[in-house]
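Okay, so here's just one chain, in structure tokens, the form predicted alone.
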Amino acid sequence: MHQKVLKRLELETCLRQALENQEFHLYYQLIISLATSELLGFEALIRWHHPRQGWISPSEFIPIAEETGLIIPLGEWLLQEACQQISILENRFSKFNSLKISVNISSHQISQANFVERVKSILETTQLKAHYLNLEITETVLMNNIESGCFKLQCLQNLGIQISIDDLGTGYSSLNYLQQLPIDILKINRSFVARLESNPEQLQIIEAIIKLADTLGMKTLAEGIETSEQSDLIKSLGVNYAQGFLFSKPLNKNLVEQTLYSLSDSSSMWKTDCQSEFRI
């Protein structure tokens, strides 16, 4: 226990220094339209490369950032960097001028009184139009303060920003609350997709989420797609969008640019025969 406490304190100290020393990097996971095979955009994923310890898993440092409040400056940096990068890409690649960027938002961020103003400020600074940004929240983030959170999300949605519920089915929100929220996309958790082929119950859960989304006028996105069989199955069920290792592992910004250059020479469609070329 003593060793664990020491390790946590050391990691917290390193985390504070990492923010000052700019040791964080963004990686981008592709989001694909299952209906058209079109590249729609990316989800921004934060990574930490410590100068001595190397790459540190988000599962290690994100909980500490949440507990200490460091998630607020870290989350704001992530949002600023992601918006800036997608703005640069859209200016550089005229063929891909409608790519969206998805960014995860923590409960600490959304609980800030000036959260909406901070998002608007970042959009203005990066010159990114609001409808190119998608903010992802989990069920538990909203349930902590449903009224305030709902109001802020509605303000953001009114600006043109998309809102997604991440990890649907793994939290504890009720259908009554869900239908009141300004949500555009329901994300199907990777845990359901991973057991899709071996467990018929997972199929029923996904079908229920799709029906729920259709009823509420929302789209669906399945994450964690790793096989062609999974992709074909969720497509046949009516899922709209997908992301996962089948299409590509998360890419740094240089590999994202290489990918867009290659697609610019051929087609904006993400065809099966080019998956192996870009699977990194």
Ligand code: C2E
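Because the structure is a prediction, the values reported are computed rather than measured. Throughout, we count residues from 1 along the sequence that is shown.
The following text describes the form predicted together with the named molecule, which does not appear among the structures shown.
Participant: Using the site C-alpha superposition to carry the named molecule over in the model of the complex, what's the verdict for this chain: open, or blocked with 3+ ligand atoms inside 2.4 Å of backbone or C-beta?
Facilitator: Pocket open on this form.
Participant: Scan 83, 196, 209, 105 and let me know which has any heavy atom within 4.5 Å of the named molecule in the model of the complex.
Facilitator: Contact check passes for 105.
Participant: Out of 100, 118, 190, 152, which one falls within 4.5 Å of the named molecule in the model of the complex, going by heavy atoms?
Facilitator: That would be 190.
Participant: Run the contact test on 43, 57 and 245 with a 4.5 Å heavy atom cut-off to the named molecule in the model of the complex and return yes or no.
Facilitator: Answer is yes for this spot.
Participant: Looking at heavy atoms inside 4.5 Å, which stretch does the named molecule contact in the model of the complex, given the options 31 to 39, 44 to 52, 233 to 241, 211 to 219?
Facilitator: So the stretch in question is 44 to 52.
Participant: Hey, in the model of the complex, does residue 78 get a heavy atom within 4.5 angstroms of the named molecule?
Facilitator: Yes, contact at 4.5 Å.
Participant: In the model of the complex, does residue 136 have a heavy atom within 4.5 Å of the named molecule?
Facilitator: Contact with the named molecule, yes.
Participant: Would you classify residue 64 as touching the named molecule in the model of the complex, given a 4.5 Å non-hydrogen atom cut-off?
Facilitator: Residue-level check for residue 64: no, no contact with the named molecule.
Participant: Do residue 229 and the named molecule share at least one heavy atom pair within 4.5 Å in the model of the complex?
Facilitator: No, residue 229 sits far enough from the named molecule in the model of the complex that none of its heavy atoms falls within 4.5 Å.
Participant: Quick one: name the residues from 216 to 252 with any non-hydrogen atom within 4.5 angstroms of the named molecule in the model of the complex.
Facilitator: The stretch 216 to 252, when checked against the named molecule in the model of the complex, contributes 223, 224, 225, 226, 244, 245, 250 at the 4.5 Å heavy-atom cut-off.
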